[in-house]
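Have a look below at one chain only, the form predicted alone, in structure tokens format.
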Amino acid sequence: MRGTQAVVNNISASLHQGDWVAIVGPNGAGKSSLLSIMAGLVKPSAGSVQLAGRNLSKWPGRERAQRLAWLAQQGESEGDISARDVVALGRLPHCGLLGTIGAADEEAINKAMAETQCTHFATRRLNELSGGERQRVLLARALAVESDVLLLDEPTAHLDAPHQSALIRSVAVRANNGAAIAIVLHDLTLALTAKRIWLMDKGKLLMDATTNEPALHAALIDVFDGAIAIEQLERNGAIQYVVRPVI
């Protein structure tokens, strides 16, 4: 709810192992609100969210944090703390607030920083980094959790094209290795590289479809009032979709 207005209505959806779902829709469609509910940050006024068949609210906080990682749309990105120390915060669910970071934690931190290409500025302070560099650090923190479920809200914000592509490749690999991933994306071309699309509008889930379905493409064009066109390309033997504005 936002005041007395429901921003997400009557949604029933499932996110399984190996899924990577892009959540798309116009501004104000309820995408970020849905992701916040899935992450347990917002309690639904009706219904429930299940994690591994158990109500999300029944999970102990630390166990839930080990199983589910979250990146907010407006993540905290200021502070006199090194990039590596920010990424290390992603290991807190495993080692505890007062625990010692062990070899497995160090390995997860190193892997996440390499994956997001921020190893070379590991010692720099967060407030010394560009917007794109800070975004990569915050993303690395979420990846360092090594959770079963990964929920990302606009993770490509501030990223240039090479780092956007690297993120999508990373997401695909993690999904193929069994993670369940849902990402809010405004870039529809990137979204159409996902395995599935959840198309939202006015707080409702209009479609849950694989990205190659013509009915989904028609619905996307309709929900964006005909302001986009979807073109099919073949590259290296694979089909890709490109979304362009209609001018």
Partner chain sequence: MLLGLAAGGEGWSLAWLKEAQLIQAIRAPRSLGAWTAGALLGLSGAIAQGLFRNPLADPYLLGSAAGAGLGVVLVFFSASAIGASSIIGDANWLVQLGLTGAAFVGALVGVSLTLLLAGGAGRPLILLLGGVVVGVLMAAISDLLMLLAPEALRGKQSFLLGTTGLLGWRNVWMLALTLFIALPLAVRFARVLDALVLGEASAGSLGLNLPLLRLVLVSLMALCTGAAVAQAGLIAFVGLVAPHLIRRLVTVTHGPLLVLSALAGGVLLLAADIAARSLIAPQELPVGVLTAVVGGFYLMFLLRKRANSLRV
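Residue numbers count along the first chain shown, from 1. This is a predicted model, so every value here is computed, not measured.
The discussion below concerns the form predicted in complex with its partner chain, not included here.
Review point. Using 4.5 Å between non-hydrogen atoms, is P93 touching its partner chain in the model of the complex?
Key: Residue-level check for P93: yes, a contact with its partner chain.
Exercise for review: Would you check, heavy atoms only and a 4.5 Å threshold, whether R125 touches its partner chain in the model of the complex?
Suggested key: Within the cut-off, so yes.
Review point. So in the model of the complex, does R141 come within 4.5 Å of its partner chain, heavy atom to heavy atom?
Key: Residue-level check for R141: yes, a contact with its partner chain.
Exercise for review: Would you please decide whether A161 lies within 4.5 angstroms of its partner chain in the model of the complex, comparing each non-hydrogen atom pair?
Suggested key: Taking the distances in the model of the complex, the answer for A161 is no, it never comes within 4.5 Å of its partner chain.
Check your understanding: So which of D85, D148, E115, E133 reaches within 4.5 angstroms of its partner chain in the model of the complex, heavy atom to heavy atom?
Key -> None of the other options qualify; the answer is D85.
Exercise for review: Please pick, from A72, A108, L129, I168, the one residue with any non-hydrogen atom lying within 4.5 angstroms of its partner chain in the model of the complex.
Suggested key: Spelling it out, the residue with a heavy atom inside the cut-off is A72.
Check your understanding: Among 214-222, 183-191, 23-31, 61-69, which stretch has residues with heavy atoms no more than 4.5 Å from its partner chain in the model of the complex?
Key -> Going through the listed ranges, the match is 61-69.
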